[in-house]
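What follows is a single chain, given as structure tokens, in the form predicted alone.
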Amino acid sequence: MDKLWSGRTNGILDSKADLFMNSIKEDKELLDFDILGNIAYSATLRKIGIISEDDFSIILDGFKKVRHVLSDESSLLGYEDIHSAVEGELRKIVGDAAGKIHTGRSRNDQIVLDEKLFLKEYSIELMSFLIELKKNLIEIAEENKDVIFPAYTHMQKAQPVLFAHYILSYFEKFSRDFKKISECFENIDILPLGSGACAGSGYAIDTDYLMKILRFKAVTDNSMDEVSSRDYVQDIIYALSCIMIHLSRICEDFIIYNSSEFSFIDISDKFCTGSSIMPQKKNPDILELIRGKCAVVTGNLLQIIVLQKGLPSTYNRDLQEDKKILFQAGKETLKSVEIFKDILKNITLKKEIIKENISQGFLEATDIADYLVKKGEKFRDAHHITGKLVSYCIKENKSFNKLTQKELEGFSELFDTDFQQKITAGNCIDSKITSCGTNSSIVGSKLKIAYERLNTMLLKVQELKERNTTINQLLKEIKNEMD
């Protein structure tokens, strides 16, 4: 099959070299975006007379057929990339007119356009999934907003918190992830066409028109930078890595809390598996797989960074490898977010077990130290007294609420008759009065605000959808222009 670049050479490659350079398996993900970009660019060539009105109509009809033909993957065989496949199939359908569509353009700016169009659509889909995930987090927090839960540091019991406060901690993490993806969209939303191979185009390409019909917010300022940079890919894979790390952490939490040693939560059988040898097992395999896929995506981040290290200006064939990295990171993250949001709807808290657990482990210790400070003791001394009190309780096999007034006064005269009432788990929670804390009133207001923030995110996604386009939308717009 003829190569787009044949001329300087005869285009006949060694079979192994041809196979080694082939990227069509990865490029097929860009089919619709390559056609979208080709339609828009052909419309621009029509405006400057490179493509005639008659040829343009034929080419538009041809692209519709190309899309159908290349949707059958067997038709991609023999092509080295998606660009040659689209142009080659168009030539079969419309003849020599197809030879005009690449005028003033390079595969260098063409691939950047395809990737950016792909990433704009992908970002919108991922942000929509994140909104659903965050909505499910709010709902599980709302349903269990009165449940008191043990917070851990160093995997040791620390202090009592509201379960809703714990869940909202992940709402915050995924909110930052949403913002990162939104910021990536803004950095992606720069039109690369007009850059050519590296120096720009010698044709009067109306880049403002292209920017308008392809729904980009701006045109690139530097052709050399545009065709050689992949930091927009690096940035979004970094954002995907953050999402996966946060998913991995909450999955790790749930794996622990689902274990028989904790038994704080139960995961529906629909999202668990059994063992091939041990009949009693109910394994949280999906949570473990998400945790494992985090390693894949964070590995992709390292790959895209190393890929760009040491590349001379401007375009180099090394960058062909960015698509494998991007598509793997994108797919694994999207699948993980999608399945985890469903898992959240299928988790039940074992409230009685959690309540029993709260009564053990001296989670009120920090509040006892604070109690003494509020009675006039210095914090460092209060910390020391409370530590001695914990050691005593362990030795005597007692909890704080079983201590007599006489026992308490043996450690400090500041312990008063209000002590037992002050250190209940509920009072410990409501004693936290900073705006970021676990106080029940504060957490209740945070839940209300979370719903408002979710609505703001929905509006943001709607705005970004309006800054994106599809083949059908573009064809309709061009048709209206021609009429």
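Model, not experiment: these values are computed from the prediction. In case it trips you up, residue 1 is the first one in the sequence shown, and so on.
We do not show the form predicted together with a small molecule, though everything after this point is about it.
Interface residue among D367, E332, D177, D81 relative to the small molecule in the predicted bound form, by the heavy atom within 4.5 Å criterion: D81. Checked against the small molecule in the predicted bound form, the residues K173, R291, K145, R107 give one hit for a heavy atom within 4.5 Å, which is R107. Partner contacts here mean any heavy atom within 4.5 Å of the small molecule in the predicted bound form, and among 309-317, 292-300, 374-382, 259-267 they occur only in 309-317.
Interface residue remark: K323 is counted as part of the site for the small molecule in the predicted bound form, having a heavy atom within 4.5 Å. Contact between S23 and the small molecule in the predicted bound form is found at the 4.5 Å heavy atom cutoff. Residue contact with the small molecule in the predicted bound form: I111 places a heavy atom within 4.5 Å of it.
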